[in-house]
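Alright, here's a single protein chain in two forms, structure 1 and structure 2, each given by itself as structure tokens.
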Structure 1
């Protein structure tokens, strides 16, 4: 009986450590695939590299205990992780990227590992509880292909984890992706989106694209399941050459990079609000009419959503709001992941909703283009005037527009 209690206590102590770590991580992503060899690890490594190059603090965790390949893809030869005070020290790849892989704890990295479920579950939990990770904007987990113990442990342990599913275009891979989708549904893990890898070969001589493994299957699967299609990466033989030579993929000037940039932007703009926003990224909503700020916040036809990272405008999206009804538009704005809103006037009830949802409001802005307003806002040249905030309430009492 007492042995039971000890195990239980050890488990809950570990739970606590895992919780403490996960609270320091804004976004948790697991990269999954139905089949092996479709480029899941390559995508995981690229995601980590691109996000860290954009200034996000990223942790990359390789939980593929049977075939860890992240170190090789990053060109980290002889990865060895130190253990200090019983804590695994992640490998610092660059200022913003830390890597933990089972490979760094093995004496003979090439020897295949035969581990049964409970051990695998234990090691994954240990990577979360006992590694000396810093605070992270993103934790990216490279899981083995399929729907076995590793993704299941991740889904059960990291309850706000989201899946990125990688596939190649041909049916044999797509059939397995459907299993990954079903798995995510079963364990209630949201799917951030699908990436189609090895989607066509861009001929370096003539520049035309050849669909070697077909193309478009990933997009179609995403559509069939009403999921986000994040993008397609072409085949680049240099990726194989660099990977095999252990040189790492970060220095490659690859056509994959262009697509990867777009995928990362897509991922950043699709992150759900509840996970909070990365420290250095803000999303500013502005109601617009004829390309300039609209004074009628609750009744304007479109909103511009401007993503600013490290003080630079990265992205502008146009969003069409749902029909006006009390409280609908402010909640909808907050649901889009906005951290800030710039308006001419605003009703008290809308202001209260924004306050409650943690969206900063700048009220009383002049009629100008969204870009100019954002520049002024970022340089603190826009003054918020609270008196104009009754503006829309007045319209409501007149029956609205």
Structure 2
């Protein structure tokens, strides 16, 4: 039993590290495909590269265990994982793009990884928990084709991740895309949109485009499922040359470069506004017990952290606070990036810390669910009570005592 307890404790500790990292990432995107050979990794690598060229802080994570391609596409195949003080150091590709690939675990580029599910799950969680990513605007995850362990692990671990699905125009690829769409629905993963790759061939002689593999199937599938169609990328022989040389599409004087720019712009326009520069984003902390607000602020078992953008709840996280001690809980709440807190009661010491840290406080809230409280708070139907806000007693024990 002790061994089982230790494993559970290690898993819980890793969960906490993963959650701490993900809180510092504005947008998480997994690039998926129903089948192999559709150019998914090329799209993932260039999506990350084009976003970084626009000044966004981007992390690119390759979790395609059995066929990692990101390192080769970016020309960093021979780089091993760099570990300092038990932390994986992502490779800095440019000023705004960092990369971690499972390729870095291989002794030689052609060595296969023969892993079963639990090992694959473990390494993906480790890449999220133990990599020194820092704060990111985007985390782009390149997963293997299909609906196996890797995309399932991402969906279960990164609950606010969104999918970008890549297909080619042929019906056999579109049939597998429909499976990916159903997978996303099953695991409650929002689909940001569909990209049709290899949509026509650009003749290197005359420059005209020929639909040798058909065209438009991705757009029709998006329409059938009421999904966003993000754009089409034609076949250009120069993409192969650039990829083999470890260069991005951004280096090409090609219509593909223009199309990729348009796809990236489309993705950005379909995302919530960038949190780091958005004045309409707030993060509300609520002490919770049994699913409702807890009056015992400093001794509550957990906090619900709710991120609201433009009046809409975008994300909910449940975190366990550190042990109760003078000043610890208020500073911990502020350290999570919270801008507001809703409490039943609060002592003077905690209130002073929140005021100093710039966290807005609403005291005297009723015992209700976090969602209802946030709704009332946003509609200005909650009024702060000075009596409960300055009253220090055992019923409203706070972390500032």
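Just so you know, these numbers come straight off a predicted model, no measurement behind them. In this text, the rigid core denotes the largest set of C-alpha atoms whose superposition between the two forms falls within 1.5 Å. Numbering follows the first chain given and starts at 1.
Structure 1 is taken from the form predicted in complex with adenosine-5'-diphosphate, while structure 2 is not. Once the rigid core is used as the reference frame, the Cα position of residue 55 differs between structure 1 and structure 2 by less than 2 Å.
Remark: with the core as the superposition reference, the CA shift of residue 365 between structure 1 and structure 2 reaches 2 Å or more. When two forms of a protein are overlaid on their rigid core, residues whose CA moves 2 Å or more are considered shifted, and residue 303 is one of them between structure 1 and structure 2. Core superposition places the C-alpha of residue 333 29.2 Å apart between structure 1 and structure 2. Structural comparison between structure 1 and structure 2 after rigid-core fitting shows the C-alpha of residue 241 displaced 2.3 Å.
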